[in-house]
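Consider the single chain below, provided in C-alpha cells and representing the form predicted alone.
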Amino acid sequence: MRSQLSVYNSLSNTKEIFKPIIEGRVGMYVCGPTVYSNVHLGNCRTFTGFDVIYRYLLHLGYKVRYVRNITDVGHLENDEEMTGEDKIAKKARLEQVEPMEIVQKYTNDFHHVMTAINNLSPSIEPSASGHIIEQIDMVKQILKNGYAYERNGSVYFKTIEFAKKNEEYGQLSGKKIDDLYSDTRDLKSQNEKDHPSDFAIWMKAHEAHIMRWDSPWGVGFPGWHLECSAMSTKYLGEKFDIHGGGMDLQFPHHENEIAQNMGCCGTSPSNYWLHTNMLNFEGVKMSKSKNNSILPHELFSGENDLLSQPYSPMTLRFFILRSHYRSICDFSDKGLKDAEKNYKSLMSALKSLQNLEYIGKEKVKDEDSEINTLIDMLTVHMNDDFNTPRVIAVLFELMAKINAFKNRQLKINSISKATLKRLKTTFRAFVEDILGLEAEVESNDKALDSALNILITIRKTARDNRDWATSDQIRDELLAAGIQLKDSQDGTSWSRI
C-alpha cells in the first residue's frame, strides 16, 4: 500500500501533493517566538506540530534545512506600527535591564521548554537583530522597485498599489482590497501614510527608543514583518518549499511577508503555507485575561489552580499530538489525565514489543496480513497531511496485538519473523523518531538525590530572601535537564520527567 505525502496548503485552501523544488531536499521556515516573556502552551502546540513535520520529512529521507527565527526587535504591542511600544524594549524598561538581557532570558526559557518536550533544534535559528543589514538591503530593493516610500525617517509599503497589480495579495488570508480599508485603525502614524493600510517596513526610532540602528533613512529599526522575509530569503533562497506558523499569523504577518518578497524579489517566498490552530482551555481561548492560562513550568510542577496534578512534558507532547495540527486543541484536566494514561500504555507496549522473541519454529501466519495492513496505515495517515491522531489510533490497534502476544492470548508464531521484525522497527520509528515520544525514567540514585537536595536548600534560601531570579533559574535549569521540582506545604520534592 503506497501513498504520496499531501499537505494542506493555506494558500490554495486544498490538500496538495508535496513536491519539493529540489528533489530530495526541503527548505522549511517557521516563524519563531518573540522573546519578551515565558514560552506559553500555545507556542508548545505550534512548535511541536512543526517538529513532527520536520521529523517525518527526515524519516522520508529528505535532507531538510529547517529555519526558525527568534524575534528580538520590531514586534510592537498590538502589532500597530509607530504607536505601540516594542515588546522587548517595554519589558526591559519595566525590569530595568538591557533589552538583550530580556532576549537572552526568554530565549533560554524557550530552549529549555522545547528540550523538555523533546522538540529537535532547527538547522538554523537566526535572530532579527543579527540581520539588520539584510533587512536594510531588502528595504532598499523594495524602494527601488517602486513598492515603498520614505516619510520622515520611516519607510512604508504601498499596500493598495501592490494589491492592484498583484492578485496574490490577500489570497492567503482571504482579505480583499475593500477589507484593507475597513481593517485599518486610526493610528497616530496615519498622517504620514499615503493610505491607512500601508505598513511600515522600517520605522524611525524616537529618542526614547532603546533598540535602534543607523540606516539610509535615519536612525530606526525594522518592521516585524520584514525580518522573516529577509531571513527566510537569506537562508532558503527567494523560493523555498514550506512556510509555517500559527494561524493567527496569516494576516497581517504572512500576507505582508508575501507582499514584501514579491516587492523585493518578484516572487512569493513559499510553495506551501502550513498553519497550526489555536489552543483552548475547556472550550475557551486560553489567555491571562480569562485566568485560564498555564505556563509550561506550572503544568510540569503542578503550581497552578486549574489542574489537579502536575503533568510531565511527555504527557503534554502526547496530548498535543492527539489533535491534528490544523484543528483546535482543547486543553483540560480530564484530557491530560487520559493522555498520561495512554502515553504510559504506549511506552509500555513499545518496551514489551522489543522483548518479544520467537520460541520454537514459525507456523501459521494468521495475523500477518492484518498486522502488515495496520503498519502500512501508519504511513498512509502521516502522508495525509501529518494526521497524528489517526497514527496514534493505529498504534493503539497494534498495541492490542502486542499485549496479546505478551499475555500469550496470541501465539508469537502466528506471524512471520519478517513481520515481527517489521513491527518492531516501524512501531519504534513512529513512536520515538516521528512522534518524538520518550520513556520517562525513574531513579533512586542516592548521589543524585543528595546533590538535588543541596540545590533545593539553596533555592529555598533564595526564596526566603525573595531572590526570585535565582530561585527560578534553579527550577528552570533543572527542568531543562529533566528534573521537575514540586513545592508543597511539606517542602520541595523532585522527580524525573
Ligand code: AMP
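One rule holds for the numbers: they count along the sequence shown, beginning at 1. Rigid core (definition): largest C-alpha set, two forms, superposition within 1.5 Å. This is a predicted model, so every value here is computed, not measured.
Keep in mind the form predicted in complex with this ligand is missing from the figure; the text below concerns it.
Contact label in the predicted bound form: residue 204 to this ligand, heavy atom within 4.5 Å: Looking in the predicted bound form, residue contacts with this ligand do not include residue 204, since no heavy atom lies within 4.5 Å.
Contact label in the predicted bound form: residue 288 to this ligand, heavy atom within 4.5 Å: Result yes; residue 288 sits at the interface with this ligand in the predicted bound form.
Distance check, residue 57 to this ligand in the predicted bound form, heavy atom within 4.5 Å: Close contact is absent here: in the predicted bound form, residue 57 is far from this ligand, nothing within 4.5 Å, heavy atoms only.
This ligand contact at residue 460 in the predicted bound form, heavy atom, 4.5 Å: Although this ligand is absent here, residue 460 would stay clear of it in the predicted bound form, with no heavy atoms inside 4.5 Å.
Partner-contacting position among 75, 91, 317, 105 - heavy atom within 4.5 Å of this ligand in the predicted bound form: Comparing distances to this ligand in the predicted bound form, the residue within 4.5 Å is 75.
Heavy atom within 4.5 Å of this ligand in the predicted bound form - residue from 313, 245, 269, 220: Answer to the contact question: 245.
Which of 273-281, 371-379, 345-353, 300-308 sits within 4.5 Å of this ligand in the predicted bound form, heavy atom basis: Correct option: 273-281.
Sequence-ordered residues of 38-70 touching this ligand in the predicted bound form, heavy atom within 4.5 Å: The stretch touches the partner through 40, 42, 43, 45, 46, 47.
Residue 300 C-alpha relocation of at least 2 Å between the shown form and the other one, rigid core basis: No; residue 300 is a residue whose C-alpha shifts by less than 2 Å between the shown form and the other one when the cores are overlaid.
Rigid core superposition, residue 386 Cα moves 2 angstroms or more between the shown form and the other one: Moves: no, less than 2 Å.
Shift of residue 427 between the shown form and the other one at or above 2 Å (CA, core fit): Superposed on the core, residue 427 moves its C-alpha less than 2 Å between the shown form and the other one.
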